[in-house]
Ligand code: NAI
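As structure tokens, one chain now follows by itself in the form predicted alone.
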Amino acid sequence: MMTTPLSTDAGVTVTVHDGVARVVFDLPGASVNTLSVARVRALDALFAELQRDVSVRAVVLLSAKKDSFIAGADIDDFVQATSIAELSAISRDGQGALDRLADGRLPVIAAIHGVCLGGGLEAVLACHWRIGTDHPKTTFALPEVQLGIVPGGGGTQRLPRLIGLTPALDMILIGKTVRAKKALQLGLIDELVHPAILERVAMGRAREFAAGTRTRSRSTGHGDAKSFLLEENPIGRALVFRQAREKTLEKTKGHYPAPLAALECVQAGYADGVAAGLAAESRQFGILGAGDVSQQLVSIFFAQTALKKDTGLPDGERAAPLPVRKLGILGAGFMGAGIASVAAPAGTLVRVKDTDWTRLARGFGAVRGVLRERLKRKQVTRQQFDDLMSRVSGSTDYAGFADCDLVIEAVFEDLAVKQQVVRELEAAAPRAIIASNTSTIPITHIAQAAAHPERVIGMHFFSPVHKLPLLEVIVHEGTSAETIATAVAYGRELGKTVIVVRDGAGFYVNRILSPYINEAGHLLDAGARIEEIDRALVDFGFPVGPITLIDEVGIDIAGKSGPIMAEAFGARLQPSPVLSRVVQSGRTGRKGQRGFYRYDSAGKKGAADDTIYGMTAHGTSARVSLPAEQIVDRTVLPMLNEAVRCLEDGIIRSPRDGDIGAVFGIGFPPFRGGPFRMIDALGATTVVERLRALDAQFPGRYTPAPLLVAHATERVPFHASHTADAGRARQGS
């Protein structure tokens, strides 16, 4: 047996026995393996050496990381490379290394357990036999489009030829994740085994290759016959490509260039050969990587990475989070059930309380519906589904709450009710941290009812809880460090992106949402059409327009927050007259099948309800047409301004948190990076000028924040650079 450490930096160890080289990737000091430019070159050199060694007849590629094979490329390389030429060269180098791996004399068997993403999957595609583990953690994806780039290591060429065009486009154009069983069906992997025997099977296959008793994998996809016939002729492929393009444009609305560029790369390979496809791939990798959209998406990636390591405590302060083994939830409504549906899969026992068994039954039904969807998508087995449901129990009193570590109240949005709940909980669950899911009421006011206010905190989830990734942890002056650390750590256990904000009316997300919604109402009062307002903001990049958002959230709920924000911040955040009138009319939005839009009995949205126009200050159904740019300026600029005021007031700790809160909390367009990134892109001077012009028309509503004016005067951006973000992400600051 021979043992050859490649290098400490590359994190690869090679052992050779009976003609089979066992190559183990284990990047030092990292939880996952990633492929940097330097590591790709080192691995290329290693495989060149193995190819020259006549005693080696096969290779097995393994990872020593827990539940992770290779998690993709090292994004730091893309941040450091600033030009199109540098980025294109990175792609070409990677393509060349994988071509040499694929075309070499040695058969390479990939033994895959855990996530296999991006460049890791491209490396696997260049191998000659692929074995995956039958485990929930073993997944495959090419998520590059989510960072605004295309796969750069030959993925746009190898994947379609391996599994077929249609399933490959799903993975390449939208970053679809494929689980191990589906990967086997598609032909992405050749075998599926239990994790305990992965290495043994892989070594056995390598010996078969070495002996010449097994041939290399040449799968052309395991799709259905109809798809195969459609894709195997030029006319059929043209149809597939046209449909993919139309679907992509419908989904991205032209804001995200990467999916269309990836489609171009795949088409080039089919039309002019693999070499042409690879050339297109490296060219687009460079163009996109140096572009604004990718840079904004990468900034979000680094911000998320940094937040995963953030304790939520001020610099220099330390506290160990308490374990949350049992969670209490007060209220089995939409929010309470939503929280339970993400807590049970996190391994937590959940005890839910509501006023009667009918409400509890509805709540349990909602939890079951969310978990059943996971069963339907084969994310859990039937046994696991039953186990998850068994973790959730309920009661109409506080029985079962005494041993709760954390209790989240999601009761009626009324201060007196919430204060009464706090008093009851301190008696029923004496050692529990008490968290409020309030969306607007200051936590300081709720904590005034507590004997131990240091154990009271806000945990503001967003609806639907199982889909929206943000969690605002709201801290009042008396909250203890241990309570903060526990809430942040548990939020991450639930899979949430957590930002810590200081207490105040509306906190951060709802506070910046308030002027956006209010100004949409003012536009209605000025005579704009409902659909016109929504269309302008969807075209800007929001997932839905502000009027649709009010209907989705609930007009009654939106109506409660308006007066609270106006009381706290005055005329600047005063709701428009039409919003107040619609609230008073009793409409509740989609849930009541009556809002700004019409809804059928199933809740499907129809046309705008023209009778709303009679409630506007304009007072007539005759409408005026406003330019989309004006609608965007009047709604988005005050949101940006309010975000800066939140930073100025200390509500958020940094522009990073402000951007993440907006993107993941209200769907601020990711390709714009968030409010602070957008200000930097436009220039603070430009934003101030446009706000002042609007403030001259509508005094008091658009007055630029002093901090924004200071940044404009000094010409200082809110974010220093993407490189600095990368450094902070690595340090976990």
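Just so it is clear, the model here is predicted, and its values are computed rather than measured. We number the residues from 1 along the sequence you see.
This next part talks about the form predicted together with this ligand, which is not shown.
Peer 1: Pick from 320 to 328, 131 to 139, 352 to 360, 176 to 184: which stretch has non-hydrogen atoms within 4.5 Å of this ligand in the model of the complex?
Peer 2: Within 4.5 Å of the partner lies stretch 352 to 360.
Peer 1: Can you work out which of 335, 637, 530, 298 has a heavy atom no more than 4.5 Å from this ligand in the model of the complex?
Peer 2: Checked against the cut-off, the match is 335.
Peer 1: Pick from 496, 455, 590, 418: which has a non-hydrogen atom within 4.5 Å of this ligand in the model of the complex?
Peer 2: It is 418.
Peer 1: Examine residue 483 and determine whether its closest non-hydrogen atom to this ligand in the model of the complex is within 4.5 angstroms.
Peer 2: So residue 483 does not count as contacting this ligand.
Peer 1: Please tell me whether any heavy atom belonging to residue 460 falls inside 4.5 Å of a heavy atom of this ligand, as the geometry stands in the model of the complex.
Peer 2: Contact with this ligand, yes.
Peer 1: Give a yes or no for residue 76: in the model of the complex, does one of its heavy atoms lie within 4.5 Å of a heavy atom belonging to this ligand?
Peer 2: Residue 76: no contact with this ligand in the model of the complex.
Peer 1: Does any heavy atom of residue 518 come within 4.5 Å of a heavy atom of this ligand in the model of the complex?
Peer 2: No.
Peer 1: Using the arrangement in the model of the complex, list in sequence order the residues of 399 to 425 with any heavy atom within 4.5 angstroms of this ligand.
Peer 2: Contacting residues: 410, 411, 412, 413, 417, 418, 421.
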